[in-house]
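Here you get one chain, nothing else, as C-alpha cells; it is the form predicted on its own.
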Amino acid sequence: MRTRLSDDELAVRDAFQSFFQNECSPAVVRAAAEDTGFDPHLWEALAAMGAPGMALAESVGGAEATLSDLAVVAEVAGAHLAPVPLIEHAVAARAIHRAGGHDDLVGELAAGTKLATLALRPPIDQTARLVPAGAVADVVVVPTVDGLMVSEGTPSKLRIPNTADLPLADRDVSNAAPLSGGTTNREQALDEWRALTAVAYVGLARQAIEIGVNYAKERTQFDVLIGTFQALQHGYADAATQVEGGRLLAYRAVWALETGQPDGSRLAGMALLFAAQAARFATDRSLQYHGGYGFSEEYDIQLFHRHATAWTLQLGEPALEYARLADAEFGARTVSADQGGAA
C-alpha cells in the first residue's frame, strides 16, 4: 500500500478542506447540535460537491471514486466534526448498489436527494436500535443474520440524547425488504463503516491537537507561555505519535478492503479501535491542558472530546469489537461445564 496520498487524492483533500472551512465552522456544529444533530443546508452543499455519490458507479449517477478517495473526504469531515452522516450514507448506498435491482433508489442516494444510513446491529422486535443518523435518514440498511435488508420511511427526527448530540434514533424496520449479497455484503458494509470511521477519527484527533497546541502558544502561566512546559510538550508528542500510527492503520484498512485483501475485516476493526483510542487520548490531553476552560461550552475542544467518546459507541461497547477480533483470530471462545455451561 502507499503511505502518501496521490496527486489526485491531494486535490480531493484540498477541495474538501476549502469546502468545510467555508461551510462547517464550529458555529454550524453547535447549531446542528441544538436541533437534530444534522445540518440539511450543509448536506445540500455537500451534495452539490458530489460527495454523497462519489464512490458509486457512473451508471447510477456516481463519480467512480475509490474507497480511498472517500476516506480522504472522511478525514477532512472528521476534522470539522461535520454534522452530516457522510460515512453512513456512502456505505449504505454502496451496499444497496452492490445488491443490484435498486438503481432508481441508488440514483437518488447518489444525488443526495434521499439520505441513507446503516444500522450497526440486527433489529430487535422489528426495531433497529440506536441507528446512526436514524433521526434524519430516509433509508435504513439493516444487518441481519442472513445479510442485509433495506427499509424506507419518514424519519421521526426524535433523536436519542447522547454525548455528542448525534442524530441517533430507533427505527421501525418492519417494512424492510432483503437485499441480495448475503453475509458477504453485510460484512463489507460494516467493515467499510469501521475503516472510514477510523479515518474520520484521525482527522478529529489531528484537529484536536492543533487546537491544543495553538492554545498553548497563547496561554501564559507564571509569566511564561504554557507551551514551554515539558509536560505539555511530551503530552502532545505522545498524542501525535499515536494519531499517526492510527492514520497508517486506518488507511491500510481502507486499502485492504478496496483491494480485497483477506485480512481487510480484521484491519478495519483494529483501525477503528486504535484510532478511537488515539483520538480519546489526544482530546483528553488537549482538554486537560486547556484547564477549566476546556470544559466550557465556549471552547471548541469540548466538542472534539465529546465526539471522540461517542462515535465508536454507536457500534456498541468497544469490548464487543475486541471480542469479535479475538474470535476471528483464535476461534470462538467456549466455556466448559464446570465454568458455568457452554457459550
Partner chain sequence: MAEDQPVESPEEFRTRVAAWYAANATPRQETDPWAVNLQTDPAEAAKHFETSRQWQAKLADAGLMGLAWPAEYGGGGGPGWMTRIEREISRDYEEYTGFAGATTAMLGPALLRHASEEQKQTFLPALLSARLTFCQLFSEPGAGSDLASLGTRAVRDGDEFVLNGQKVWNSAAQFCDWAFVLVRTDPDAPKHRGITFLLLDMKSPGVEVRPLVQINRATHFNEVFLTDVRVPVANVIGEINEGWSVARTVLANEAAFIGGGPKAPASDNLRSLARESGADKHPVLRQSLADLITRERVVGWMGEQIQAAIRRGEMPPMDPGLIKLMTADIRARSGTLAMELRGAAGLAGDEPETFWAQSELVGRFAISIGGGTNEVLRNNLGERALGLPREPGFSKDQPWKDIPR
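Positions refer to the first chain, counted from 1. Only a predicted model underlies this, so the values are computations on that prediction, with no experimental measurement involved.
Heads up, the form predicted in complex with its partner chain isn't pictured, but that's what we're talking about next.
For a residue to qualify, one of its non-hydrogen atoms must sit within 4.5 Å of its partner chain in the predicted complex; none of 13, 186 and 191 qualifies. In short, of 122-130, 106-114, 82-90, 144-152 it is 122-130 that has heavy atoms within 4.5 Å of its partner chain in the predicted complex. Not displayed here, its partner chain is approached by residue 317 to within 4.5 Å at the level of heavy atoms in the predicted complex. By the criterion of a heavy atom within 4.5 Å, residue 65 is excluded from the residues contacting its partner chain in the predicted complex.
Residue 38 falls outside the set of residues with a heavy atom inside 4.5 Å of its partner chain in the predicted complex. Interface membership of residue 287, defined by any non-hydrogen atom within 4.5 Å of its partner chain in the predicted complex, is confirmed.
This chain lacks the partner; the member of 174, 180, 156, 163 within 4.5 angstroms of its partner chain in the predicted complex by a non-hydrogen atom is 163.
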